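What follows is one chain in structure tokens, specifically the form predicted on its own.
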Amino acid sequence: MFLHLAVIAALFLAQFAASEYIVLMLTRIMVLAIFAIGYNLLFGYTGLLSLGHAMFFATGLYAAALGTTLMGLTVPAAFAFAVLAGLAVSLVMGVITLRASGVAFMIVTLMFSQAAFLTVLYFGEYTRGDEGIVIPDTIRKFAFLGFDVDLANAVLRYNLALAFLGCAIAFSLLIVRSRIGHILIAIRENETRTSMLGYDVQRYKLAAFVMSGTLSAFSGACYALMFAYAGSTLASIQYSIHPLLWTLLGGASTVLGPVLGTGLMFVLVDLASSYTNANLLMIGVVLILLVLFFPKGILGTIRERYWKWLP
């Protein structure tokens, strides 16, 4: 717990020393880290490899963007609408996709995600396809609990992203240390034995799927409203691969692994881009080295070798 609080405190203090560019990058990292934390609940702790989480991220993204621009909802109402939409979509998709397992589950989630991506392009009249939806700054100014909020304000946006990240970390930690978290880990390790012990495996897998999808939609809604943009690129297969990569890099089945992985990947991309146009090659080399020396991700390997107590 103290380690997690220290990370939140360090991120809070970072804004006072960092440049405007770094503050903007950290804000984006924190929002997308919530996406990775949600993915980790399903993949890291339950052992279900999904290739369709871009669908849930896009659900929150477009529900928030269309809610404010097309439906006339206030920002808080659009945010709540986006999270509820993510919960509903993940529940329906979970009931359908969890009928499959293993490779079949991966393929089914990928197919649904691609169908969602094509739907975004098909309804380009509303979603504006690759061009995307830009949310006007006037809409992003609103009153909440007696306070005037402007999401175009970089400092407010940073601290709001930090607060949401703190909530996501606390939620993940609560789940992991609870009875349901222990059951999810048991399912990951040996689903057949867990079922033989009398647990309703499908129900717990569905619960993990819904929690994961809802957190992903939460992240998508944050992204749309904080950065005033929703585009089809954010619904593509790339955004199903990203959270998997971030989670593996930082350490699957660790609470802070997805946060570390997201931040490290952004730093690698930024540094590589400043030196060469072949930035993906440099990133690939670094990732290969990390896999060789940290086979369970950075925090996962550290936990295995040194800090056994790391959740």
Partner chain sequence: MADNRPKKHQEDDAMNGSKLIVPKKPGLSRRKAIKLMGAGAAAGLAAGPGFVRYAQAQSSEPIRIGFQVHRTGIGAAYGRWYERTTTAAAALINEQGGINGRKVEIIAEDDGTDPGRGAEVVEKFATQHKCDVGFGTLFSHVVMGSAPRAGELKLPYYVVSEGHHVASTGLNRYTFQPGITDVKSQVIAMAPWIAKNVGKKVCMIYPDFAFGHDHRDYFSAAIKAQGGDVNALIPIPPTESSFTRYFPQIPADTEVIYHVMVGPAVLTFVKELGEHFGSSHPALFGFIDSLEAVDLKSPGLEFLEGSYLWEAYPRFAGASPKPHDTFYREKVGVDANGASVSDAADISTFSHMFGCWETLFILKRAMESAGYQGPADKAKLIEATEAMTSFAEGNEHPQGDKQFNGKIHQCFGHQNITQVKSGVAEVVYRTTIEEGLYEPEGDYTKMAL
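Residue numbers count along the first chain shown, from 1. Treat the numbers as computed from the prediction; the structure is a model and nothing was measured.
Separately, the form predicted in complex with the partner chain exists; it is not shown, and the next lines address it.
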Check: Tell me which of 67-75, 80-88, 229-237, 198-206 has residues with heavy atoms within 4.5 angstroms of the partner chain in the predicted bound form?
Finding: 229-237
Margin query: When the contact criterion is heavy atoms within 4.5 Å, does Ile302 count as touching the partner chain in the predicted bound form?
Written below: no
Check: Is there a heavy atom of Gln114 lying 4.5 Å or less from a heavy atom of the partner chain in the predicted bound form?
Finding: yes
Next item on the list: Report yes if any heavy atom of Arg177 sits within 4.5 Å of a heavy atom of the partner chain in the predicted bound form; otherwise report no.
Entry: no
Margin query: Considering non-hydrogen atoms and a 4.5 Å limit, does the partner chain approach Phe218 in the predicted bound form?
Written below: no
Notebook entry, point to check: Using a 4.5 Å cut on heavy atoms, which of Ile185, Leu118, Ile139, Val92 is close to the partner chain in the predicted bound form?
Noted result: Leu118
